[in-house]
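For reference, the chain that follows is the form predicted on its own, supplied as structure tokens.
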Amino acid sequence: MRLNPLTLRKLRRFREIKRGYYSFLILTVLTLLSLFAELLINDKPLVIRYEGQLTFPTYGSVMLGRDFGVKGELANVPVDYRELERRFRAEGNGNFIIMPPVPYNPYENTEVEGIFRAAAPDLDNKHYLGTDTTGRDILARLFYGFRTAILFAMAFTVLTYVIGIALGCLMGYFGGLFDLLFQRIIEIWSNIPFLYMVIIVFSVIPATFSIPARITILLVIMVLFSWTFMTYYMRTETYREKARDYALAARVLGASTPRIIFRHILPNTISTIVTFIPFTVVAAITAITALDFLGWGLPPPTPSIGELLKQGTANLTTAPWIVTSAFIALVVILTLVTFIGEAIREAFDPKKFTIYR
């Protein structure tokens, strides 16, 4: 697909704004790495060489102790790869295991002196940011929590924009009774308290629902109560654009309503749409973190920055590394997205750029 010269000009301007451009590159790299988090942070090894055969269990099925010569009671239970690595190293018979840089999964509890409790950062045991109050690795939970938050925010942004843009364009284009009716509906809908609805819905959802199902329900609730802001911007932009000569000419030439809206009017409002995307992502991440902090967000034991913040504030004096790690991670993520948003807003300024056809 070839981009028009005006779009290329906007993209060049975005690249010239170094703070936003490099923030975009950093966030993109972090997001791509998070999609393959199992290769970086996991209790499953990347490669196992046992008796001359190579095994790659990262995305494979659960392997038992007997698959690697373990005897006794541990033969029929899932193998402890870290213990197996120590055994292979002690035997020195050519078998080896390559573990990820952080050899823990975000749900795994690690004992400290025989109990599950928060432990300070320990480089020897590869708990680089320490463990939380139940012995789970903080870096693992932060990294997987980042993946959940960024994917959740992207899905939230897409769904919110699809509803808001579609309805806003229709309101602005048709106007009249249609516009008036939906304005009243939006005003009523906007006054329904979002937080109370989340609490009510999640208090009646059965505990038997799977974690993906509960996350999907939370996403749907947030979208249903967040799409209204975009309709006002799109309604205003469409009202303005449909009165321009190019829209009137398209109508005279017999262009259909969908063609006028999506082929002519919508491209001229794209600058407004794009400039709001990063700030919508920030709002989604902030909202999901706040809900997790209050206990009404992602279902446990889903890795979550908000849940770590809640743990950290409750154990501020005894385990300060929990809240410090979670707070810094949240600030870095929101700062990167905000810098991207500022750069996009300047590069795609709707007061400077428009398209006439």
Partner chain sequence: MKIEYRLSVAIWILGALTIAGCGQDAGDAVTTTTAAPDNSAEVQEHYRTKVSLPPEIWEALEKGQITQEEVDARAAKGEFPKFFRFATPADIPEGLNWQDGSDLPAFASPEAKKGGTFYTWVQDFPRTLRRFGPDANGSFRPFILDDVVMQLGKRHPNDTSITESGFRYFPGIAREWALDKENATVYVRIDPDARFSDGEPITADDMLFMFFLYQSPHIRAPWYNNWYNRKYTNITKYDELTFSISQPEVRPDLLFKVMELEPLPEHFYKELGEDYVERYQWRFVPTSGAYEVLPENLKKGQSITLTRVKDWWAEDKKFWRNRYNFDRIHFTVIRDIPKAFESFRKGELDRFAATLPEYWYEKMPDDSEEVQRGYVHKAVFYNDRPRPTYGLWINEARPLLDNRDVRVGIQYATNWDLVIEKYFRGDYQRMRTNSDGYGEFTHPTLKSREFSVDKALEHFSKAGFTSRGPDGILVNDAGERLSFTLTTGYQNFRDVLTILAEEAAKAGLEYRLEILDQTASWKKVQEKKHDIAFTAFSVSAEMYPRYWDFGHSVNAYDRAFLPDGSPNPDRKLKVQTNNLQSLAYAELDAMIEAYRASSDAEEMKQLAFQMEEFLYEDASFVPGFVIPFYRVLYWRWFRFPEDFNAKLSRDPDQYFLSWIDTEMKKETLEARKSGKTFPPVIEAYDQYRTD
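Numbering follows the first chain given and starts at 1. Computed from a predicted model, the values in this text were never measured in an experiment.
Here the subject shifts to the form predicted together with the partner chain, a form of this protein not shown in this document.
Residue contact with the partner chain in the predicted bound form: residue 179 places no heavy atom within 4.5 Å of it. Taking the partner from the other structure, the partner chain in the predicted bound form has no heavy atom within 4.5 Å of any heavy atom of residue 327.
The shortest heavy atom separation between residue 200 and the partner chain in the predicted bound form exceeds 4.5 Å.
Contact check for residue 136: a non-hydrogen atom falls within 4.5 Å of the partner chain in the predicted bound form. Between 64-72, 327-335, 32-40, 46-54, the stretch whose residues reach within 4.5 angstroms of the partner chain in the predicted bound form through a non-hydrogen atom is 64-72. A heavy atom within 4.5 Å of the partner chain in the predicted bound form is found for exactly one of 115, 248, 98, 90: 115.
Contact with the partner chain in the predicted bound form, judged by any heavy atom within 4.5 Å, is made by just one of 228, 109, 183, 286: 109. Counting a residue when any of its non-hydrogen atoms is within 4.5 Å of the partner chain in the predicted bound form, there are no hits in 221-236.
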